[in-house]
Each structure stands twice: as structure tokens, then as C-alpha cells.
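Quick heads-up: it's one chain on its own, the form predicted on its own, in C-alpha cells.
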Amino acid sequence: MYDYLIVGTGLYGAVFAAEAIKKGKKCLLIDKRPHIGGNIYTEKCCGINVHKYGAHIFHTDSERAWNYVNQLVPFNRYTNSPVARYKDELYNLPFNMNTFHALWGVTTPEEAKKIIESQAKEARERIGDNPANLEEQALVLGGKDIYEKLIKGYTEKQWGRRATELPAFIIKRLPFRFIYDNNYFNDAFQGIPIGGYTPLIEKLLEGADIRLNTDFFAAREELSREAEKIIFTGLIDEYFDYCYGPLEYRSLRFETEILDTDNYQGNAVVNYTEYEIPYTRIIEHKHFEEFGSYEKHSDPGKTVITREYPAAWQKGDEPYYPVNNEENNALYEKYKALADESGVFFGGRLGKYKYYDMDDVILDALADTESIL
């Protein structure tokens, strides 16, 4: 008999288990996948730690979250500095003076601000004060050059809809930095675990019993009898058999390839912003940890890349991003009411139908354990 059956060995379930075990609780974790870690799982290929489910870069302003993970495994000094590729043009992200120089040849913040404001003003005069869709909202915020080269195609691929069909509120603001700084995040702490994320999850799960290749819904009654309480980190709508209808998600598809070169693109993340290229980005995994010192760790003359394709979600697909519009949030509240009456606790990105960064997951799991345990 276990105190807790935790469905899912991702970051939320692992943190919950770690805190429960500290308090003397006995935990059984199950996962339908053949590995632990959920979407932050990494595995070694050609000596390179490959992020199997897309790039995961830990960044936070929370000293508590940063200290929590660093006490378990060491982190490196990786700084996320993605590059955007539009046709044969390359631009630094986030939008900063390097971006503006590549776009217009400007060298001072004043010059960049004048161009952005001029293009935005032209759009406001044509569109008015109430943008009707994402395209109009982006134009009145940043003008046509930034929108057409760096926002339009990427966003349409990400959402699977044209920008004129997407609501304006998706882009409430555009962050412009009038400094020469390619650091994507403003957070105080940033890095990636040395050796990948799987060792972090292994540390969190020390002392827990784990069963992989185990589908909760295939043996629901039997598994439920093995523990006093259930922590469920899967789809909340699936748990209740989609009785109110399915919530909406976006999914992803990955194509991973081993290449006979030591350096394919010179950066960990390159975004492809033109609509005609079907993937949104290419990840070159070795750059997350090696910083150009390829001879130190990975096989010489080899690199691993992953192309990331946004995809519509259907039942049975892996859900990556909840679509938190008004309609879906209202539907979630109906499922949450069922959850509150069920005696089962729902946690994590899918259980709470909310997009979380990794630090948010950790802090949320810690808060939940403090109130539950």
C-alpha cells in the first residue's frame, strides 16, 4: 500500500515525489512512456545529450527554484541566444540593436526607435485604435518589417492558422531592447543541467517505486487501489473521459538526424520565420552544453539536430501547449469542478491546463506539497 500514486514522472510528479519522500511517504510513480522525465527527458547520442521533446532551457528569477535544482545536479552557464532565419537573412533574437542593425543598418537606439515608430504610426493610421486580429496588432506595435520577416510566418506555423484569423490579444506587446544584447531571457538565473535533465529527475525520484510502460487508464481500478491518494499529472479532460468535450491543445512533431559534421548551424536554436518552411526551428543539441569545445565530450565529426514541426492535436497525440483562450478556460473550469469533488489531486501543465515554464512547475509543485502533505 502506497501513500501516493503519482501518474506521470515529469518534473511536477518528480518534485512532488521528492518532497513526499522527505516526509516519510511511500510513493509509486507510473508513466506510459518507456522512460522517466516526461518532456524534459534527455538521452545521450554520439556523446551528446539530446533533448528528445524539444529545447528545454531552465531560466528563472526565483532564487528558490534555482537553488532547488542546483542542490541536486550542477548547471552550466548556457545563455539562450536564438537566431532567426528569414530566407537567407539572419537576425538575432530577442529584438535588439543587433536585430535592428541587420534590418535597417542603424547603429543607434534613436535611429531604430524612429523607424519602428514611423512604421507603427503608419499602421495605426490605417488600422485604427482597435486591431481586429494578431496581424493588425503586431503591425501597430512594431511595423511591417519586423512583422513580415520575424513574426508572421513563425506565428502562423506555430498556431496552424493565418495571422488574420488569430485574436489580437495573443500579442499584447512586443519586447524591444535598444541595447546590443542577444540574451533572450531577462531572468537572473539561466542554464542547463550538465549531463542533461534525466539525471535531475533521477535524483528527485530516489526512494520512489517506478513503473514505466504503464498506462493508468489500462488498469485504472487496480492501480487506484494501490495507494491512499492519487496525484494525476495527465490530461484532466481525459481523466473524466472527455465528458464535457476535449480541451484544445497544440502538439509538436520532431525529426532528429545525426550528421557527419562537428558543427551544423553554429547555434543551439535557429528559428525559421518564413511560412514556406514547415518547421519552426532547428535545434543543434551539442551547443546547449559544449560552447564550441566539441572535442571534449561528443564524438568527433558528429552532431545531432532536431527539426520541430507544430501540429494540430487530436486525441492520442502528445499535447504540448494548452490553448488558453476564453472558450477553453471556461471548459477547464467545468472539469476543475469535477476534480475538486473527485478526491484526486491534479497537477502540472496538463492537470491544471496551464502553460508553465520549468521553474513555475517546481514552485507550483512545492506549494502544492506544502498544502497537501
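For every residue, the number given is its place in the sequence shown, counted from 1. Note that the structure is predicted; figures quoted are calculated from it, not measured.
Unshown form predicted together with flavin-adenine dinucleotide; subsequent notes refer to it.
Though the partner is left out of this view, Cys46 does not reach within 4.5 Å of flavin-adenine dinucleotide in the predicted bound form, counting heavy atoms only.
Among residues of the shown chain, Tyr309 is not one whose heavy atoms approach flavin-adenine dinucleotide to within 4.5 Å in the predicted bound form. Taking non-hydrogen atoms only, Val73 never approaches flavin-adenine dinucleotide to within 4.5 angstroms in the predicted bound form. Remark: Leu205 does not count among the residues lining flavin-adenine dinucleotide in the predicted bound form, judged by a heavy atom distance of 4.5 Å or less. Checked against flavin-adenine dinucleotide in the predicted bound form, the candidates Asp215, Glu122, Glu148, Asp299 yield a single residue with a heavy atom inside 4.5 Å, and that residue is Asp215. In the predicted bound form, every residue of the candidate spot (Gly8, Tyr12 and His56) has a heavy atom lying within 4.5 Å of flavin-adenine dinucleotide. Note that among 328-336, 309-317, 63-71, 342-350, the stretch whose heavy atoms approach flavin-adenine dinucleotide to within 4.5 Å in the predicted bound form is 342-350.
For the partner-free chain shown, Ile30, Asp31, Lys32, Arg33, Gly37, Gly38, Asn39, Ile40, Tyr53, Gly54, Ala55, His56, Ile57, His59 of 29-68 come within 4.5 angstroms of flavin-adenine dinucleotide in the predicted bound form, judged by any non-hydrogen atom.
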